[in-house]
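A single chain comes next, written as structure tokens; it is the form predicted on its own.
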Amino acid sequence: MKKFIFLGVAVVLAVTVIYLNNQSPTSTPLISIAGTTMGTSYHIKLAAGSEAKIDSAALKAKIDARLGVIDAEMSTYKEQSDVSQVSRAAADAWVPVADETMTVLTTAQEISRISDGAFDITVGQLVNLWGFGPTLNLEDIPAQDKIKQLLSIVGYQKLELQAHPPQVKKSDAHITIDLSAIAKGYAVDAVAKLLLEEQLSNFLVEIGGEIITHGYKEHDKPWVIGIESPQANQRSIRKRLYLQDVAMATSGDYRNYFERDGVRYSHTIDPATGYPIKHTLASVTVIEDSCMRADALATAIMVMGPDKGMAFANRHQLAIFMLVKQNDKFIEKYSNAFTPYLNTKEVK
């Protein structure tokens, strides 16, 4: 029988809240707005600035409406979403999608290409098969022939996009798409854009652990975010990051896995093999201008593992931070582009 471990929807969510609330007695209180969306929660912190008095209730209504549109287009659970309609479509049939869905699909395909398929939005059925999707498999390890069968319908190359008008075509009717590893990042970007349009310039937006910051937290100080330590049976901060006008996403497998006969199976599925990853990378954090890109890139690098992932990051000048399992410890590795975020004096 499987032993499942599901200790949180996002590895950075708890520590983010700790740091946001860890203010000195003389600090100006932050304005907080929170809610639920896309099967998870969101938290927004607004710092005091030169803006006029904020109507939190009205702003929350606008945010909820904006997130509702994105969820309606990109949800795997809503029958009329673009994602569901593409997944149900026949082979070689063009399916119209919303402009925003096309934006996310285009970025997803780009990340798939540059990562040689480490990121792949067609892998969802394999994730479900291993028990990490909406349909839990609690009985046994998936049969090899079933994995092989699903692998035959996995592959970002089997999707074709057309920008004008926006529509999608797949080469096999059995192919399904899942934007869960990129859509939350897009939603973070969308909320940040909404806040800027509302003339708000100092804020932090977090949805399911994906984050974007803008401006300052207080008195020209950047937002401070914590990367969680992957030690078992504890929640503690491993590294503090100082972020201004950037997005951050973290992918990790140390709180979402199952064990069977002493073997640990990660929730991260390698699209090339159909099996959970087996390398020593416990988590990777990516900092980017776009949370959508950071979200997808974190998943891609998590699939690659520590060596290939770091080489990929340095080749593409990505700012990443890794925690790698080494015996009974975790060691830190980071790319050249990540260094500025470790020191407040170096943050732009």
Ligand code: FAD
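Just so it is clear, the structure is predicted and the values come from calculations on it, not from any experiment. Numbering starts at 1 and follows the sequence shown.
Below: the form predicted together with the ligand, not depicted.
- Scanning 225, 205, 248, 269 against the ligand in the predicted bound form with a 4.5 Å heavy atom cut-off leaves one residue, 269.
- Between the ligand and the residues 75, 101, 176, 213, the one pair within 4.5 Å by heavy atoms in the predicted bound form involves 75.
- Per the 4.5 Å heavy atom criterion, the ligand in the predicted bound form is contacted by stretch 39-47, the sole one of 285-293, 39-47, 57-65, 315-323.
- The putative spot formed by 82, 86 and 89 is not touched by the ligand in the predicted bound form; no residue has a non-hydrogen atom within 4.5 angstroms of it.
- Not displayed here, the ligand is kept clear of residue 97 by more than 4.5 Å at the level of heavy atoms in the predicted bound form.
- In the predicted bound form, the ligand sits within 4.5 Å of a heavy atom belonging to residue 123.
- With a 4.5 Å cutoff on heavy atoms, residue 195 does not count as touching the ligand in the predicted bound form; it lies far away.
- Remark: residue 181 counts among the residues lining the ligand in the predicted bound form, judged by a heavy atom distance of 4.5 Å or less.
- Contact annotation for 288-313: residues with any non-hydrogen atom within 4.5 angstroms of the ligand in the predicted bound form are 295, 299, 303, listed in sequence order.
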